[in-house]
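In structure tokens, the next block holds one chain alone, the form predicted on its own.
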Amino acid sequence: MSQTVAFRTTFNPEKLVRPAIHQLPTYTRDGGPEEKPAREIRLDWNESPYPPSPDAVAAITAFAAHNRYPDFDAWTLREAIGRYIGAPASRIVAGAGLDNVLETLIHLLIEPGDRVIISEPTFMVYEWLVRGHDGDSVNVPLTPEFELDAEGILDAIDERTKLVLICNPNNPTGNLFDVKAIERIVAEAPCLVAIDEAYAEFAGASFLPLMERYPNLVILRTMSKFAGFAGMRVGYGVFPDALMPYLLRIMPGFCNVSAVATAAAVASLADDEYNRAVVARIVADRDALADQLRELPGVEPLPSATNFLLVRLPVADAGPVQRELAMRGIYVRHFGNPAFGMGDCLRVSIGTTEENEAFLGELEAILGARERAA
């Protein structure tokens, strides 16, 4: 067979895929034990333990027009979001979850060699999205106390820097950053600054008002956490007016949000009383669990403004504890990268009262057994 014929007939997918993609890890949920436990309590992905508003559930049940496309520009959804946050619908971009909105933002900005500044430990999807678009992810680490290094971030900005990404409250640490540090970055950065406020409803704080003063600020939000929409996939961003003409050129048709998810989201956003009650309950349960964890010898839950806790354990490596919990049907997260300074920590989402009690009981039993064996 000649080289020409071989070239025409040989399919090599590795040559088709962009080189940057070959280097990316796979984003997966931590696997459970080989033998499935009798019960499974998922406290590992920061989902709400409660269903969406009854109004949202009713809207899903009543929806029948699955044969029709939603609004092409998702205007009905964008208007509902605008009413909820007090922002013009014309400055809002929605998406199938916040990851989708982040992807639209990166697609708007990043060419090969462009730089995005992040501060680890933070939401790992940021780095993967940037690298997947052939950009350079520049890490200006958080301080040992998990605070932003505003001076370091500003010093790291150069002519190739397009974006600074800040998660506030931060995931996986759970803390709110210093307001003055964030405002200084927004005020002095010559590039775009995007603040991921996925947990804003639990924190009771937002930098939305700063958008009136600074033309380089983007606010990113999701309905996955506070509204129980993790399975419905509805996220959104509020962008500067000057960027909207460009965003409209690349915004996916229908904003990638289905018609039924739109109906549910509109109904949910109008049911503020229900959503506030759920948030208050989760916050109360979070604080109660933190108090109970402090009663365990050597256990320290860190301050949280989210629907999860980062918990320090009296061990050098919390990985074995995480795996033992999984064997008992309790799934939590462990971030073992030594650079993150969280090797002795577990991240646990706030579940129902019964789920929190199950986690607490199993953790106490595991730590007690380790102490007796030492």
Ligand SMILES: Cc1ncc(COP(=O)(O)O)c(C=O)c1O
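Quick caveat: nothing in here was measured; it's all calculated off a predicted structure. So that there is no doubt, residue numbering starts at 1 and follows the sequence shown.
There is another form of the same protein, the form predicted together with the named molecule; it is not shown, and what comes next is about it.
Asker: Does Phe123 make contact with the named molecule in the model of the complex, using a 4.5 Å heavy atom cut-off?
Answerer: Although the named molecule is absent here, Phe123 would touch it in the model of the complex, with heavy atoms inside 4.5 Å.
Asker: Are any of the heavy atoms in Asp196 no more than 4.5 Å from a heavy atom of the named molecule in the model of the complex?
Answerer: Yes, Asp196 is a contact residue.
Asker: Just to confirm, Gly237 within 4.5 Å of the named molecule in the model of the complex by heavy atoms?
Answerer: Gly237: no, not in contact with the named molecule in the model of the complex.
Asker: So in the model of the complex, does any heavy atom of Gly97 sit within 4.5 Å of the named molecule?
Answerer: Result yes; Gly97 sits at the interface with the named molecule in the model of the complex.
Asker: If contact means any heavy atom within 4.5 Å, which of 166 to 174, 128 to 136, 264 to 272, 293 to 301 contacts the named molecule in the model of the complex?
Answerer: Among the listed stretches, the partner-contacting one is 166 to 174.
Asker: To verify the annotation, which of these, Arg184, Arg115, Arg233, Arg91, has a non-hydrogen atom within 4.5 Å of the named molecule in the model of the complex?
Answerer: Exactly one listed residue reaches within 4.5 Å, namely Arg233.
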